[in-house]
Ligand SMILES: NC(=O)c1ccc[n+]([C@@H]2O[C@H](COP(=O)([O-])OP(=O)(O)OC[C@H]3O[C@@H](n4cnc5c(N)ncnc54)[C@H](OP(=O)(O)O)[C@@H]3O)[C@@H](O)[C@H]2O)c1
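Here's a solo chain for you in structure tokens, the form predicted alone.
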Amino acid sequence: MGLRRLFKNYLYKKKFDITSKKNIGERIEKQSILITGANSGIGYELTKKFLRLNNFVFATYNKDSENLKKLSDSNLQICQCDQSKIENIDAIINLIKDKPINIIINNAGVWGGKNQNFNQIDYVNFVSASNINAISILKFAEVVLKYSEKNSLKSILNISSQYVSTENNTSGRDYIYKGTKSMMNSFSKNLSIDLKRSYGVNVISICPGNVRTKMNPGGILDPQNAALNIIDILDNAETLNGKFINLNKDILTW
């Protein structure tokens, strides 16, 4: 890697570095938090950090739960949930029934496979990715509001990407990922109006940036630092309802 690229990466990391900030998450203690896609990447780091802040975490995973099981924490409850089929989300009902859920973090997401360009689109993957990346956030909200402790839900945070911004789209291609995450953004905005009005729930869509994850192994940001930023954002959720933001709380275009 050339010196110019190294320097750019350093500046990018520096832009979102809040490791020196004190009292991150000081208002998030003894909360119950539902995190989807929690076995790796940002979801896993959020799970660990919330547990250290003395919270209870309901963590879902698709197939692999190895990392979550290693945590061995009495404040962690895990549940297998394949979101590619919406009816599978009903599996969490018994997990959360009559229990408080204060925060939902919709972290689970997929790229959507290789065939995403025009005339090459894998439509089976498209339907599956739509369920995971977008439609599931509606279902989780419905299930939690219906079955968890009444009036316990306060915030929903949806992990998106600036790459799917309609206004900033200059590259075309990648119909599955862009389409499904853009759909998620639309649902997020809609929910921020409906749920705030009816239940007092704040809904935020966030781009975590170029984070190193299973989906993006070449990412620049550490998932640990992204998780810290997200916790800091949730500390101020009531001021960010209906917004699409980055880790620095800068407003992004839909």
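Note that the structure is predicted; figures quoted are calculated from it, not measured. Numbering starts at 1 and runs along the sequence shown.
The next section is about a form of this same protein that is not shown, the form predicted together with the ligand.
Looking at the ligand in the model of the complex, residues 141, 201 and 242 place no heavy atom within 4.5 Å of it. Within this chain, residue 155 is remote from the site of the ligand in the model of the complex, having no heavy atom within 4.5 Å. At the 4.5 Å threshold, heavy atoms of residue 64 reach the ligand in the model of the complex. Proximity of residue 193 to the ligand in the model of the complex falls outside the 4.5 Å heavy atom cutoff. Residue contact check for residue 229: none of its heavy atoms lie within 4.5 Å of the ligand in the model of the complex. This chain is displayed without the ligand, yet in the model of the complex the stretch 109-117 from 165-173, 91-99, 146-154, 109-117 comes within 4.5 Å of it by heavy atoms. Applying a 4.5 Å heavy atom cutoff to the ligand in the model of the complex picks out 81, 82, 83, 84 from 76-95, in order along the sequence.
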